[in-house]
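In structure tokens, the next block holds one chain alone, the form predicted alone.
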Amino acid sequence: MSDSERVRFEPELLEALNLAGGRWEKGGGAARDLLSPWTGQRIGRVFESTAADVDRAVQAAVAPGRAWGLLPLKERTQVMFRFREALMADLDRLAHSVAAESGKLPSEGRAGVMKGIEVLEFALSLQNLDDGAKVLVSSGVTCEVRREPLGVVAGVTPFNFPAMVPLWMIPIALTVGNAFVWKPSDKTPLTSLLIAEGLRKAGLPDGVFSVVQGGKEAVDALCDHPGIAALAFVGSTPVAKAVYTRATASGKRALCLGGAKNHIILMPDADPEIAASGILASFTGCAGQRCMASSVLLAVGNVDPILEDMAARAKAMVVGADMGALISKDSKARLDAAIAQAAGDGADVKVDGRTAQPGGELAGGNWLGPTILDRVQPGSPAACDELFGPVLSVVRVPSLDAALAIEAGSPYGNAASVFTRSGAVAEEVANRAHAGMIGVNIGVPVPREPFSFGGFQQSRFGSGDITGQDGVAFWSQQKKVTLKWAMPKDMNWMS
């Protein structure tokens, strides 16, 4: 492993605490050890939060949040500018924190932080963009729009992006004037300490930002709490659906992003280098543990030379150096079983990553190398279930229409890509694919801000996307003010 990709761990075990009213405190629930995906060794502890802990954080946020929301937008933005400076100054430590607790390579941790900072930069632009409108709508009568915060809002984020996904939510929610309560994943809570420290350095008033650690009890308490006006969630589809149902039942605004089974369509005319490298990066990046990973390759016609090249590259990858670790031993066992089932269903295990195992200090980690399953049958678990690991299922199809029919049959709708040299084929896929994010010769079609992030169907519960202008709309509300100061001479129905 090169020095640039060698994960650094904190010299002392870290404790993941709650932050409420500007004070760090232990949650009232059980303490649990945090194990490194890289080594299996203990790297810290997390203290579970109870409903009482959640209530304390929400109550501590009400008054500071109200004062924060009354500040002019430009004053709030100045704090967020300093937050960006703090994140950039601490970028290396943030990248290694993400890597140490999630299993990513440090370069992947850095990329995730930078994507989150991109959303923060969009939030900074709101002081020049979000200025409302005032129009003379009738003789002597004007209408104007004022954007106002919701109050205290909450976000629940997943293990696979401990910095990026929170930074999809926190900057926009704070910039438009809310107080924010964040529940990080109980698998990767340590990076939350650094993000909270960045906001403290930026001068955010105590109480405007809170952290509650823990699992289901904390999430349920956030869904149920009458003081939370809106809640955003990113995670698996079953949990996203449950959280959305519970949060909206309590009268909240909710947006919950779920899982995916993303498809890549590989056409015979694809550029061999762009296709092989792009598809490989899509399913092996972050060890396949991301909702934008393409896990099904719909191979149209004779694309075997590209598949052979990709398989050779996959076999040459070294876990622990070219690819990071899985989050847990349970994930490793689940993926091993899924690969065995696919083989039993008739798939050809073209590249088998189950035996990949680094030595030395990494021997106790959670390792699965790149795995390619060829000739997977449509409708089989390997073709339909979200595996969430570095596993690519190749489904052979005779035509573009057949490929698009399989893609349309998925209950998910996060992303779809096509590798081709044909503009007509690319446009056909962009028009017909049932997904919120489309890539042409791009294996991971994550939009850049201000283009927003979000999928369709079972990949999203709620309305709108989570970043961009949709994010602004989700975390705020519009007040319409109609004014008349004098009786106009030319009367009409509106006068």
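Treat the numbers as computed from the prediction; the structure is a model and nothing was measured. Sequential numbering from 1, following the sequence displayed.
Same protein, other form: the form predicted together with a small molecule, not shown, and the subject of what follows.
Taken together, the three residues 9, 94 and 107 all stay farther than 4.5 Å from the small molecule in the predicted complex, as judged by their closest heavy atom. Only one of 258, 365, 389, 166 lies close to the small molecule in the predicted complex, with a heavy atom inside 4.5 Å, and it is 258.
In terms of contact with the small molecule in the predicted complex, the residue from 298, 100, 291, 275 that brings a heavy atom within 4.5 Å is 291.
The shortest heavy atom separation between residue 186 and the small molecule in the predicted complex is within 4.5 Å.
In the predicted complex, the small molecule sits beyond 4.5 Å of every heavy atom of residue 341. Using a 4.5 Å cutoff between non-hydrogen atoms, residue 243 counts as a contact of the small molecule in the predicted complex. By the criterion of a heavy atom within 4.5 Å, residue 219 is counted among the residues contacting the small molecule in the predicted complex. Of the stretches 67 to 75, 390 to 398, 143 to 151, 210 to 218, only 210 to 218 has residues with a heavy atom within 4.5 Å of the small molecule in the predicted complex.
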